[in-house]
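Let's start with one chain on its own, the form predicted alone, as C-alpha cells.
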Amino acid sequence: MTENCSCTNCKDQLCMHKVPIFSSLDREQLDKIIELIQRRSYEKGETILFEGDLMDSVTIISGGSAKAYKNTSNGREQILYVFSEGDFFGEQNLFGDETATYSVEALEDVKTCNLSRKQFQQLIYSFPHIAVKIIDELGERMTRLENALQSIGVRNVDNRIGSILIEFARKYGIRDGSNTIIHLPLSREGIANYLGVARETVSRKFSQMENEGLILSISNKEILIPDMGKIEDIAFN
C-alpha cells in the first residue's frame, strides 16, 4: 500500500465528485471535505481490508475495482460484492467499533479516499441528506446480496449468469451502437465464486452463449453483447 498526501492538490479530480452520496454537494462544500481526505493506492492483488480488522475509516474507491469476499468453511472463496469507482465500504463502523465481516482485495491497481469515523460523522451532522443517500445505497447493496443468496437455491445457472452480465453491463459496460462492450472485473473463476458455482460451469455456459451468438469474446477480460434484451430474457425468464 502507498499512502499519499491529502487531496488538497487534486481538486479537479476530487474523488468526491465520483461518489453518488456526495453528488448533491456544491463546490464550496466539497472544498471543505478536501482537507479531510487521505488518499491511498494499492497494487493489483493487494489486500485493502482483512476480515476481522477493526475499521477506523470509510473507504471510497476513487479508481480501479476491488472484490469483497469471505472464505467459506470448506476453504472456498465466496465473492460478496465488486466495488468499482464511486463505491464505498467501512460504513459498519460509523456508529460503533465494528470489525470487518469480509476481506477486500484489489482486482486491479486501486486508488482510495479515506475518511475517519469521526470525520464522516461530522459530515453527516453537517449534511443530513448524505445519511439518506447512504441508507439508499446500503439498501440496494443488501437487496443485491439477498437476491444472490436466494438465487443460489432457487434460480438456475442461466438466470444467474444473465443477471451478473446485466450488473456488469451497468457498471462496466460501454455502448457502441446497438452493442454493449463489457470489461469484466472478474476472471471466469472469480465469476464462479461470485455466483457460487464451479468454474467449469461458467466456462461452459459462456461457450454456449457464444455459440448461440448471445456474446462475443473480444479477449479474456472483454466481451461484446449484441443484444442486451436477449440477456435480460435469460436473466428473468
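Computed from a prediction, not measured in an experiment: that's the story for all the values here. In this text, residue numbers run from 1 along the sequence as written.
Below: the form predicted in complex with the DNA, not depicted.
The candidate site formed by R76, S203 and N220 is fully in contact with the DNA in the predicted bound form, as each residue has a non-hydrogen atom within 4.5 angstroms of it. Using a 4.5 Å cutoff between non-hydrogen atoms, V157 counts as a contact of the DNA in the predicted bound form.
By the criterion of a heavy atom within 4.5 Å, R188 is counted among the residues contacting the DNA in the predicted bound form. Contact check for V197: a heavy atom falls within 4.5 Å of the DNA in the predicted bound form. In the predicted bound form, the DNA lies within 4.5 Å of some heavy atom of S207. Of the stretches 31 to 39, 64 to 72, 46 to 54, 180 to 188, only 180 to 188 has residues with a heavy atom within 4.5 Å of the DNA in the predicted bound form.
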